[in-house]
Structure formats: C-alpha cells, structure tokens
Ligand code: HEC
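This document starts with one chain, in the form predicted on its own, laid out as structure tokens.
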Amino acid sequence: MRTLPQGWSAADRDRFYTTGQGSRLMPYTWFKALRRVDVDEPFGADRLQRYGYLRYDSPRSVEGLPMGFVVQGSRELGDLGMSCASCHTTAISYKKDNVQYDLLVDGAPANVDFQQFLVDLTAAVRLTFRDSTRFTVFAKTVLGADYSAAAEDTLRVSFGQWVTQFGDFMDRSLPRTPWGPGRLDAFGMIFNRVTGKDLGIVENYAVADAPVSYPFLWNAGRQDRTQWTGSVPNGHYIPALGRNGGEVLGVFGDLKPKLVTPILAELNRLFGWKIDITVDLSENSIDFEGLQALEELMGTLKPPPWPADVFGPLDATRVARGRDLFQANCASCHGENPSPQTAGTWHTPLLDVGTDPRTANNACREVKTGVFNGAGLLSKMKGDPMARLGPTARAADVLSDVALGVIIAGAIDAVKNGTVEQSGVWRGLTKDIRADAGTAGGQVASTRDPAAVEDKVKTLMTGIYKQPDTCPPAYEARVLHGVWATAPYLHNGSVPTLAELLTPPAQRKPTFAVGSREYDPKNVGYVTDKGAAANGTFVADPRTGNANTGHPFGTALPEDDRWSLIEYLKSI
C-alpha cells in the first residue's frame, strides 16, 4: 500500500501504528483464544479486516493484530487495547487503466465499523461463557500447559465477571440504529464509561445515539480549540493530555476513583455543606508516556496532498477561480485566521449552522456525580474557589474533573516515585512551562512542589470540556487542509461527498451506502453504490443523530462555480 508524503518517515508511521495509550479491552490471551460465533475460526483470524481495520506488520507490532491494536504489557500476559491509528488511519482505493491503486492516509478518518466489532465481540464472549464445551476449548487454549479442571474453574469466574460488566456496558450504550462504518458516538461512550461504569451509577448510562465522523488529525493541534463541540482548548500539551486521557477512558481504559475524605463527603450530604472533598484518581491505566509521544508525533503530521498521478491533475484555471470563491464564501470560518486567544494557533469558530444538534445536546446532559459530589477542581479553574460539583452536574464537568485529576495524580506520583524523567505528564508540563517562559530556566525545577504542580496544571487546563451555559448545537469550523481525504462530511458524516455538500440540504440523498474504500475523485468522496455489500447503508434521520441538514453555504452558487470551489478544495 502506497503512503502519501505527510512529513513522516517509515519509523514515524510505525510508532503511530504501534504505540499504546493505556486502553485495556481484555487480556490478550483471551482474545487469541476467542472464536467467532458464526465461523469456525479465531475471532481475530482475519485481523478484524471484516470490520474495515487495516493489516499491518512490523517488528514493533504484535502478530495477528490489525493496525492500531496493541498489547499493553508483555505480549503474553498483557491486555489488548486500541490506539490512535485504529480510528485515525484510512485506506483509499482507486482503479485507473486497469491498475489498482491503494493509498494509505495517516490521520484520516478510519472507515471502520466499530459498533459491529463490539456487537460481535459481545456475542462471542457471551456464547463462550454460556457454552460449557466451548468454554473448555477456550480455557485449554488460554491456560496451555497450566490447564487443569481447577484452573478452568478459576478462569471461568474471572472471565464471567468480565463478560458481565462488558456485556452490560454494551447493552446500555449501543444504539439500535447502528453508527455504521466511519462513525461513532465517542463522547457518549466516554460519558457512559466514566460516569456510569467507573462511578458505578446505573442511572448515568444513556444510549450513545449521536454518532460523529472520526476527526482528521493533521493540523488539529494548530486550531485554538478541538473536538467537534470545540470543548477542548489547544496550544499546550497538558490540555492535550487531558483530552487524550478522556479518549483512552472511552476505549476501555481503567479508572477507579476513590474518595479520600468520606467523612467530609457525608457531612456535605447530611447538612448541605460545601467542604471541598478529594477524589484519588491515581489508579488508572492511562499511559501518559505513550500519549505524549503520540501528541508530539501528531504535531509533525502534514495534510495529504492530492495524488495527481492517481486521480488526475488539477485544473489550474478552476483552482484559481475556486480560491477567489473560497475567500468570498468560506474563509471567514475555514481560513487560516489567527486566534485572538492562543498565539500561534488558528481561530476555531463555534457556529450553529443548522446541522444535526444531537451531539452538542448530548454533551450537555446531567448525571449523578457520586464520589465527585463536593469536588472542586473544575470549579476552581472557573475562578470560583467556593464552587463545587453538586449531587448532579453535566457529564462534561465530571469528565473535566477526571481529566484534571488524573494528570495531577500522574505528575505528583512521578515526583514521589522518582520517575519524573520517564513521565509523559512531566515531559508535557516541562515543554509547556518552557514555552510560556520563553526559556529553559529554573522554573521547571521549582514546579516539582506538589502545590505548584497542581496550580500550574489547573491554569493550563482551564476551559477543558467546558460547554456554554445555553448548550447550543454549535460545532467547530476547521481549516480544511487535506479535506479531500476526510469523507464523509459534516460533523456526523451525513453527507457522502463535497459535491453533495454543495447541494441544497433539501436535495441531499436521504440514504447512501457506506463502507466502500473506492474513491470518487470527481465528486470527492467514496463511491456510494458499492458499500452496501461491505457494511451497510446510512440513513439520514434527525431522530437518530444522522440528519444531513444545515451548512447551506455555497449551495446557491452557479453550478460551474461550485465545481471550481471543489477543485480548489482538492488543492489545499
């Protein structure tokens, strides 16, 4: 498969594909022993290519796993997990003059069916636990030479506990209307994981029914805000670690919050007091060293250039005309406009342009706070030292406290354990302090005082996951470098091509096939009449977060101007 010139060496790509971040889906020995429900072969025999994941081999990768799937810990005793590349690398196919071209695009939205993977995995583990004959075969494979009837019984207990919690999470989270390839409700899954599973509060679960397209990663760090809702500030490594730490928890990272001051929490509950309570978040599986390495690597990734030798050269006259049209119609939102808040970044406007509101609305949902009732980390960041999380709060506010708390815990634990030099949190913190100070002076060393660490991290994290009080359905407008490789379009992937995006909303297709990798260079997107055979059909429906409405900009232009604008968008 051919790679595009995006500023990465082969070694850079290998690190991106194989670096873990702390995701712990299940013990790797279990995954290797698990068999499919409908086919007599191991669950991972095809490296999950049936779901759209990509095959990859290198000395750093684990044999039998697809790109972006890693083993945290030793290869024999570690846990299977997911990393950035599983969701943010794609393959594009195109046939020209009877020659098949396959292009690998790093940082692009993955064309994978994550929900079907989870559904099938749930079915396989449940059947394995329920069927005694099947489980014995599974146990003998897992235990190998250590197999005995007693060992099988012990394994059955631990496996059954895992199956119960995993299946319960999926039953409560996955929607009846599938996300489909290339889409998932990331925030819905993160909120359920943190506020439902990790806090142990069943009422906090909600169906993850607001799927979005996987965002493209190049230039993501150059916007002054990121995430589709614009809820995370950019410009420093520490908030990036908070953003990515939350993402890890959404893909099966472990978190076990512990109340440090239970007596004070009970007094708050009984008498309505607002004593600041402390939650210990040090017990988590987030790999900050891996996350920091990946974030630094992402800062060097360039947008993919239009492969003219494959798709054909661009029309210079149309590109020039399209550039003028872009400046007149699009640049105020999607241009390289300097940020008024964060030096060196581009401004990310948050706008309600009539697109599906469900993602934004769901990000504002209320949950019970559990052990975080009375916690004040986020509140202090907002400038009110007396404010605390109450018995209920927005799920995003609880996630903010978690993101902040795990980073503070990681920084302070590294000081206590003498592992500062190996700490990803400390590498990010040091880089941020040096950047702000304009020097590599003594301020870095002085921040090893725990109180100073906490204050600095709070300052850097101000505004993370903050939603506006009115919670309008507004989404970020990004700079569109490399947009040709990011189909389908709009935040929820509800429009298949750029040509369709420049069609009046009422005239857009209500359904189209998804899952195909075959590219349409004229309309700029994937071919939509061949994906059904692969993975299914998308249905535009505002009741399921799939509406293809809104963003009417450019749709009233004459047809020839629209094609010129598309030609320019291919070029940037």
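Residue indices: 1-based, along the sequence shown. Nothing here was measured: the structure is a model prediction, and the numbers come from that model.
One more form of this protein, predicted in complex with the ligand, exists but is not displayed; see below.
- Contact with the ligand, judged by heavy atoms within 4.5 Å in the predicted complex, is confined among 131 to 139, 324 to 332, 311 to 319, 160 to 168 to 324 to 332.
- For E500, no non-hydrogen atom is located within 4.5 Å of the ligand in the predicted complex, even though that partner is not displayed.
- At a distance threshold of 4.5 angstroms between non-hydrogen atoms, C364 is out of contact with the ligand in the predicted complex.
- At least one heavy atom of E247 is located within 4.5 Å of the ligand in the predicted complex.
- Although the partner is absent from this view, L351 contacts the ligand in the predicted complex, with a non-hydrogen atom inside 4.5 angstroms.
- A heavy atom within 4.5 Å of the ligand in the predicted complex is found for exactly one of P215, P307, P178, G196: P215.
- W228 is the sole member of F191, F288, W426, W228 with a non-hydrogen atom lying within 4.5 angstroms of the ligand in the predicted complex.
- In sequence order, L294, E295, M298 are the residues of 293 to 313 having a heavy atom within 4.5 Å of the ligand in the predicted complex; the partner itself is omitted from this view.
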